[in-house]
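One chain comes next, on its own, written out as structure tokens in the form predicted on its own.
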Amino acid sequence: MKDRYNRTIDYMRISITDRCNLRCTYCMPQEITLTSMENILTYEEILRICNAAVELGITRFKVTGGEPLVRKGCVTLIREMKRIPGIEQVTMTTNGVLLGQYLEELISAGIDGINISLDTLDADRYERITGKNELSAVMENIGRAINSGIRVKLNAVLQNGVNEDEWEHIALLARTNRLDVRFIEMMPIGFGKNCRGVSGRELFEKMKTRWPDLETVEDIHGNGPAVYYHVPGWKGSIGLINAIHGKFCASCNRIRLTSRGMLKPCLCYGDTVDLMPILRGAAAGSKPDGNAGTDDMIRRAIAEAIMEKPAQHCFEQKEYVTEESQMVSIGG
């Protein structure tokens, strides 16, 4: 389906929980209030939304959290999503802590790719950033995922005064491993508004100085807005997602679904379309004729959210950002 700016929307990010086993400072501060389970979408409801989305031309899905693997039955959900006719791809974003425990099951379920968050290679810094001493487990699970043959991407967020000096060491993981190392600019959402992120443009200049033969990769590596680069002789690639200093809104192809059933047309703004009243029979003034009528209402609500996508975000002007939730509540 195309939005009003003629962009094809074929990708949905689905947050299945706002719970996480880490406490990254810019994503999920300790004092955050979690949503009660009765107010979280059930897996059956998520599958109904996926079926409706496919009918509108959305064929690629990303399962996110919080941390999706902390929710019991996550692998089963992915397996069921892969069985829906028309779905071309199901991937996941995880912090990697529990990945080793579920990797074989995920592969058996048909997962198409796994993104793993990794902001530092230093154990002490990892604990300061995440609140947990889990770096060794994450690194082991990254290695297992690479060795399995599944497509792996690492997501790193650099912050001035925190981990900005590690960019080269993190990037070098792509030299000997078949994976994509992506550096994502800090999003000014939730606690992230108070963090000093590293500019992707600044990072690119450092990369060009360090590796003068750095070349742009033309082939597509996924559904996201990353621009990829390759150093001759390396097994993997480096990606930059410059949300602030390199707007990619003209090619945005996504819509987000929060664990509370809210469709978000754009990460930057607080505007949502609420699917919960439809799914649970409380839509004002509506009496859908059984499942068929409800499914039609879901399709129309998704179409409404797509048509409400704005022309562009305003992350470079924080005073105009209207999203007030923490990132963990949105799903990234």
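In case it trips you up, residue 1 is the first one in the sequence shown, and so on. It should be emphasised that the depicted structure is a prediction, and the values quoted were computed from it without experimental measurement.
Quick note: we don't show the form predicted together with S-adenosylmethionine, though the next part is all about it.
Enquirer: Residue-level question: is residue 111 within 4.5 Å of S-adenosylmethionine in the model of the complex, judged on heavy atoms?
Expert: Outside the cut-off, so no.
Enquirer: Does S-adenosylmethionine come within 4.5 Å of any heavy atom of residue 187 in the model of the complex?
Expert: It does: once S-adenosylmethionine is placed as it appears in the model of the complex, residue 187 has a heavy atom within 4.5 Å of it.
Enquirer: I'd like to check something about residue 192: if you look in the model of the complex, is any of its heavy atoms closer than or equal to 4.5 Å to a heavy atom of S-adenosylmethionine?
Expert: Yes, residue 192 is a contact residue.
Enquirer: Just to confirm, residue 237 within 4.5 Å of S-adenosylmethionine in the model of the complex by heavy atoms?
Expert: Contact with S-adenosylmethionine, no.
Enquirer: Since the chain is shown here on its own, which stretch among 92 to 100, 200 to 208, 228 to 236, 169 to 177 would lie within 4.5 Å of S-adenosylmethionine in the model of the complex, judged by heavy atoms?
Expert: Correct option: 92 to 100.
Enquirer: Of the residues 181, 78, 157, 262, which one places a heavy atom within 4.5 Å of S-adenosylmethionine in the model of the complex?
Expert: The residue from 181, 78, 157, 262 that makes the contact is 157.
Enquirer: Among 27, 302, 266, 46, which has at least one heavy atom within 4.5 Å of S-adenosylmethionine in the model of the complex?
Expert: Only one option qualifies, and that one is 27.
Enquirer: Which residues within 50 to 77 place at least one heavy atom within 4.5 Å of S-adenosylmethionine in the model of the complex?
Expert: Heavy-atom contacts within 4.5 Å come from 64, 65, 66, 67, 68.
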